[in-house]
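Form predicted alone, single chain, as structure tokens, below.
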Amino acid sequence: MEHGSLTDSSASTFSIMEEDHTLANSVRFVLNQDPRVAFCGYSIPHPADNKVNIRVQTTGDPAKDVMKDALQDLMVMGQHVRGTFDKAVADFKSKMPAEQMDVDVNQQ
């Protein structure tokens, strides 16, 4: 949910439900790398709530567009990390002798 001004689209607060520091800190990091961002920070209103508020102030571009770009960039980063990890695991397994692999022959 976006909380912003109708007259100034360059500053908004985004409330994301069912999330915590993991996503919020990652989004904050990506947003702070964007030269269009003048300020970015997040808060968790209450420790018992799974909700984060991410505040974005830009140099002029709509905050909604900058937030969308940051989330897309974060998704691409996650896909890259997953692909790199999966490749490293496959490379490791391909170099192991078969007798050292933990293989369950009953597993289908």
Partner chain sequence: MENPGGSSLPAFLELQRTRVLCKADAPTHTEGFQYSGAFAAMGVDTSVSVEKFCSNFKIEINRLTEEDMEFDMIGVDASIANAFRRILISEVPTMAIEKVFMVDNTSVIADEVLSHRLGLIPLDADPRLFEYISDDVPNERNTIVYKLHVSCEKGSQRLTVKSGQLEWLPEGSQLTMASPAQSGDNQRTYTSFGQSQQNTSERPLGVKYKDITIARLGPGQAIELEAHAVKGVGKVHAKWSPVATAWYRMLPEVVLLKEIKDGDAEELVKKCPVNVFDIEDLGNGKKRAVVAKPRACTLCRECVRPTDDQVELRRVRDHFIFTIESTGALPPEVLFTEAVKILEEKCERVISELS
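Residue numbers count along the first chain shown, from 1. All figures in this text were calculated on a predicted structure; none of them were measured in a lab.
Although not depicted, the form predicted in complex with its partner chain is the subject of the following passage.
With a 4.5 Å cutoff on heavy atoms, S26 counts as touching its partner chain in the predicted complex. Taking the partner from elsewhere, A48 is found to have every heavy atom lying beyond 4.5 Å of its partner chain in the predicted complex. In the predicted complex, its partner chain lies farther than 4.5 Å from every heavy atom of D61. Using a 4.5 angstroms limit between non-hydrogen atoms, N32 touches its partner chain in the predicted complex. Taking a 4.5 Å heavy atom cutoff to its partner chain in the predicted complex, the contacting residues in 75 to 94 are M75, V76, M77, G78, Q79, H80, V81, R82, T84, F85, D86, A88, V89, F92, K93.
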